[in-house]
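First comes one chain, alone, set out as structure tokens in the form predicted on its own.
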Amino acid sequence: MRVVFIAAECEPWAKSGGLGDVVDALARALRLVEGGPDEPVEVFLPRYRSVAVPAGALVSTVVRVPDPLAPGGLSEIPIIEVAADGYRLRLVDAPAAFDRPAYYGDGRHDYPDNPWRFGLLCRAALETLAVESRPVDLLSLHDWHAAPVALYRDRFYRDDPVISRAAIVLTLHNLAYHGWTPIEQVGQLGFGVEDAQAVWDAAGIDLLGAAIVRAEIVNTVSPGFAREALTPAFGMGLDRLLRAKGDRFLGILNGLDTDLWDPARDPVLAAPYSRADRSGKAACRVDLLERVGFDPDDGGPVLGAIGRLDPQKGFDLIAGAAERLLGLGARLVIQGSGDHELAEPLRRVAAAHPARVALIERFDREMARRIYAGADLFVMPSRFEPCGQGQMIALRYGTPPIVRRTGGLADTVVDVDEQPGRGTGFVFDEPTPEALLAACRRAIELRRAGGEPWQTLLERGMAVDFDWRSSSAPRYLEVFRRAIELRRAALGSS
């Protein structure tokens, strides 16, 4: 089975959120599962300005790619081969499209030529596969950036012996972003007005929606969010299309790279620790507090939060509850980057209480690890969350999560008061500061009481198995095989 991923992010090369983590970890895990692909998964990724090409990487081919913005309608694009950890990384080296300060925009607005940029990624990947003339069984597309592949396969490659036979599985990591391309921009995709009408409608093209229609199978990254996405409240305007897929739309819970996220072997931490011996966590707590300028001898609860500053993530709920959390004796360590306006209430709280609230406005891999290990509790109050990895990492690092009951958070965290013998964290329902505060109060009180109830909570959380190889990667293989069967049946071949 030859499996090809196409994505806008892949950790550690390019990452702004969980998408990059999943693409990297799943590509590696598939080869480690019994019955997995007989050759490394290939991952096509843009060569962004920030992507450092390792010494020894070579240009495997230069492909002539249909490019609506290039003179003559063609661009020659090098494909750089990188030996990644367990898979084959293929960088699409198109500087005009990807040599920019950021992946998607300037922090306030998307780049206006994003349809062209990611359309070029998709055409370059398909042209590379077509030129190589080796059978491709499965195209794994991740979010809207890769969605043009489904349109191109059925419109421009329907007679190509390689591309036309490839099945498509579209994975929805975030339904909030569709890649909407208005009619005046569809030319960036290589389409004309009449194409737009055929693909979507006269107003333009919803790339994610159009790919949902054309993919053999569509999945999202948790069973809970798959159920929610079928409703108008969470389907982001695509619930009708997802319902129409029937059993060809499903949820597969994201896994966790347990080799990468392991407090017993994490080189960043001040001290290692494990489920069997958690004593090193105290040193990690002291290290974190000293780094952010807090008193390490203060035994009050430390609440950590890490994520993208986006309305989805609920950081405004933390800001709204912050003063009352401080009144409970808590201290806050928050790391986030993104919307500058969303950060302002947190800045004000941090400025008013510099010894008790730390706001780290940047993406810092090492600091994130220190927060997971050094905090006493981890706060993740998302309004919606297709899966989320923060709560999984927090559990593995012995830091009970406080989460809202939505999507993958509801699938992965069991409320300790609702199920005392199985609980792994604290869950609340309403997206309000008051509901978050109530859950935090329960967590703080249990920690303050200490003893066996608190220690067994930590032990149960660290025992949860989210390893990709246990269930998630095998489930993806099942879905890939089914998609291949559906494609072959549709083409009338075995």
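Residue positions are given as counts along the sequence shown, with the first one as 1. Predicted model, so just to flag it, every value in this text is computed and none were measured.
Keep in mind that the form predicted in complex with ligand GLC is not shown, yet the notes after this line are about it.
Comment: 310-318 is the region of 277-285, 350-358, 310-318, 332-340 lying near ligand GLC in the model of the complex, near meaning a non-hydrogen atom within 4.5 Å.
Not displayed here, ligand GLC is approached by residue 386 to within 4.5 Å at the level of heavy atoms in the model of the complex.
At the 4.5 Å threshold, heavy atoms of residue 19 reach ligand GLC in the model of the complex.
Shown alone here, residue 221 lies within 4.5 Å of ligand GLC in the model of the complex, counting heavy atoms only. Ligand GLC in the model of the complex comes within 4.5 Å of no heavy atom belonging to residue 412.
173 is the sole member of 153, 173, 369, 178 with a non-hydrogen atom within 4.5 Å of ligand GLC in the model of the complex. In summary, among the residues 128, 254, 424, 406, the only one with a non-hydrogen atom within 4.5 Å of ligand GLC in the model of the complex is 254.
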